[in-house]
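Only one chain is given next, in structure tokens, and it is the form predicted on its own.
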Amino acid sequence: MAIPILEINHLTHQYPDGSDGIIDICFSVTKGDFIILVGKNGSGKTTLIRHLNGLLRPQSGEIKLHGKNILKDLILTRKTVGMVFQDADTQIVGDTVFDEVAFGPENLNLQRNLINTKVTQVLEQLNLIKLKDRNPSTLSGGEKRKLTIAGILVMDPEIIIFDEPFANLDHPGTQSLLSTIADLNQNGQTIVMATHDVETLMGSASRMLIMDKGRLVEDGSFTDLIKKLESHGIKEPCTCRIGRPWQP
């Protein structure tokens, strides 16, 4: 049995007004997983994923990264568990695409030639190299999201967390970004994604977590849980509803 990278143990978080955000959450993440986290608005998805690299701290429970509490070394945690937010503009600080991707390695005081090599490799991997001298503000929404992924990949993370990555993208942008994320996973990158867009991820995600009222109510394969979505207030993909065969 694979040894988990990340272990979430009885995690509970309350908001300042005393209302529950997440309640007694338990699951683990192993290398190569492609997990989607689904649930109605207000079910606790975003609250949960913001705990996974220490952006929020729980009232009880803990998260372990390779057996150690993530809060003991937040620098290592955030290097190992990268986060791509829904609004890419909140993560972009560089004047050019190249500078943006170089920002993280520069803060680690790596040698300049190593930084340049790593940044170039990542930009080539994500087909962004032709944009390296562009100001990020001139990029499309899909290109900006790829840029935020590049800024994380250059740090060699073990897990990348996504919060609604397809929000406000058109169909070509969505398909391009999905192809990028699926390729990363097929090459061994571990993915955890909070999303409403279950249908887009059919055939890519291998595992689904369903949240309802702050609790993790289902954890299983995409195939096993697809027919349980409606009972938790989540739209079942149209492909399944009209009776077309679906192959994982």
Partner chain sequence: MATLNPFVFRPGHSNLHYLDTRCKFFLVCIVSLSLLKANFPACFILLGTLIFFIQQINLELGQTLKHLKYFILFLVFIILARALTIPGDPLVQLYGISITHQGLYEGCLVAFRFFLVMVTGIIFSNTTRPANLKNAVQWYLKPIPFVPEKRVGIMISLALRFLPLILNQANETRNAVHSRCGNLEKNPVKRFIRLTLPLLKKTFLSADHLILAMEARCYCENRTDPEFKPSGKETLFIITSLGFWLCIQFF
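Positions refer to the first chain, counted from 1. Just so it is clear, the structure is predicted and the values come from calculations on it, not from any experiment.
Only in words, not in the display: the form predicted in complex with its partner chain, which the text now covers.
Item to check | Residues Phe166, Ala182 and Met202 all lining its partner chain in the predicted complex, heavy atom within 4.5 Å | outcome: Checking in the predicted complex: none of Phe166, Ala182 and Met202 is within 4.5 Å of its partner chain.
Item to check | Stretch in contact, per heavy atom within 4.5 angstroms of its partner chain in the predicted complex, of 182-190, 215-223, 48-56, 35-43 | outcome: Heavy-atom contact with the partner occurs in 48-56.
Checklist entry - Is there a non-hydrogen atom of Gly142 within 4.5 angstroms of a non-hydrogen atom of its partner chain in the predicted complex? => result Taking the distances in the predicted complex, the answer for Gly142 is no, it never comes within 4.5 Å of its partner chain.
Item to check | Partner proximity in the predicted complex: Thr174 to its partner chain, non-hydrogen atom cutoff 4.5 Å | outcome: No - in the predicted complex, heavy atoms of Thr174 and its partner chain never come within 4.5 Å of each other.
Item to check | Close approach of Asp99 to its partner chain in the predicted complex, 4.5 Å, heavy atom | outcome: Looking in the predicted complex, residue contacts with its partner chain include Asp99, since a heavy atom lies within 4.5 Å.
Checklist entry - Is there a heavy atom of Ile152 no more than 4.5 Å from a heavy atom of its partner chain in the predicted complex? => result Ile152 belongs to the contact set for its partner chain.
Checklist entry - If you check Leu110, Leu131, Leu178, Leu126 against its partner chain in the predicted complex, which one has a heavy atom within 4.5 Å? => result Flagged contact: Leu110.
Item to check | Heavy atom within 4.5 Å of its partner chain in the predicted complex - qualifying residues of 52-80 | outcome: If the 4.5 Å heavy-atom criterion is applied to its partner chain in the predicted complex, 52-80 yields Asn53, Leu55, Ile75, Arg78, Lys79.
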